[in-house]
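Okay, here we've got a single chain as structure tokens, the form predicted on its own, with questions on binding and movement later.
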């Protein structure tokens, strides 16, 4: 699978320099997204097209060819590497990048250029808009004073004449324009790693980011292995039986376990077990203290830990990337249900989700509806303190299809009703 690194941040934070270095060091394709907007800006200026002339801009975009080759930028076959860094483009690129049609065209171009490749991109909305599912997201920042100093030095090295006042004015204008834009505004993605480069040399920034990306790339390799279900050989079954028996014995030693409603699991078809999530050990309670084989759906990050990865493969845990449209995981779940297997899912999506007022996730109901499978609600109670009582109450199977209507909110309503039943079973003594 392609590996994508998204680096965002304001102008002058060193994005371009560090991204170029990292691309070579990590053998990633470097795509300077800012250069694509600069090319469009240059073409509009050369052809004297008004930035308000929407129809003319659309026509220009249809007949514009932008390519990158050996650290050079080509616009309609002409090398414009230096031209797009001069003042006329510098002073207008921010405005052009905020034109909706330009934004749409460049985002499509950037995605097309990156398709199927291991790539590193930098810009202002790469991690939030262009590639919201990027494997690594980094947000670079620095003080305005430091960015002005860097830009002046950069211009001098390129033989571009500019004053401190001009550079500062341009940077402050771009900052305001980028952050307040209604089209791909500059902001830090929720899952992006923030790095302040004000007091760091470019070498220090490169070293810091290299370590972050290399670590993430290593983790991703482990995670991707989680999407490959290992063959159910006799050795694997024997290993699973031994581990399950051993851990179940420990469970009974350390907790006073009370289980009710096991008869509700006697279904001759694949189904989904939905439980509340209050502790790391509640999923283990369902899997270990049950004669049936249950495959839980868990966050993919667990597979980056070698010992957990080993257990995940042993018990065929299905990974899922939270907050993302994980089609690979969905396909694995539907295949399991079709093969009459049992899936375990936490509708809260996180531990103690209800206490945190987290909206109930509708993934379980979605899968049940797709596979026409039933859901068995489970209420888990207890403090999980050593030698305390742990209660596991299985409820009657719920036929999700009875909820399905033309109401667009039916899936959310059904998910909430399933959660209400789980809460009811949790309170059962």
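Numbering follows the first chain given and starts at 1. This is a predicted model, so every value here is computed, not measured.
The form predicted together with a small molecule exists for this protein as well; it is not shown, and the discussion that follows is about that form.
*Asks:* Report the residue, out of 147, 174, 295, 137, that has at least one non-hydrogen atom within 4.5 angstroms of the small molecule in the model of the complex.
*Replies:* Among 147, 174, 295, 137, a heavy atom within 4.5 Å of the small molecule in the model of the complex occurs only for 174.
*Asks:* Quick check on this chain: which one of 94, 276, 128, 300 has a heavy atom within 4.5 Å of the small molecule in the model of the complex?
*Replies:* By the 4.5 Å heavy-atom cutoff, the listed residue in contact is 94.
*Asks:* Please pick out the stretch from 52 to 60, 388 to 396, 28 to 36, 366 to 374 that is in contact with the small molecule in the model of the complex, where contact means heavy atoms within 4.5 Å.
*Replies:* Result of the contact check: 28 to 36.
*Asks:* Heavy atoms within 4.5 Å of the small molecule in the model of the complex: does residue 210 have any?
*Replies:* Residue 210: no contact with the small molecule in the model of the complex.
*Asks:* Check residue 239 for me: does it contact the small molecule in the model of the complex (non-hydrogen atoms, 4.5 angstroms)?
*Replies:* Contact with the small molecule, no.
*Asks:* Residue 103: heavy atom within 4.5 Å of the small molecule in the model of the complex?
*Replies:* Yes.
*Asks:* Give a yes or no for residue 313: in the model of the complex, does one of its heavy atoms lie within 4.5 Å of a heavy atom belonging to the small molecule?
*Replies:* Although the small molecule is absent here, residue 313 would stay clear of it in the model of the complex, with no heavy atoms inside 4.5 Å.
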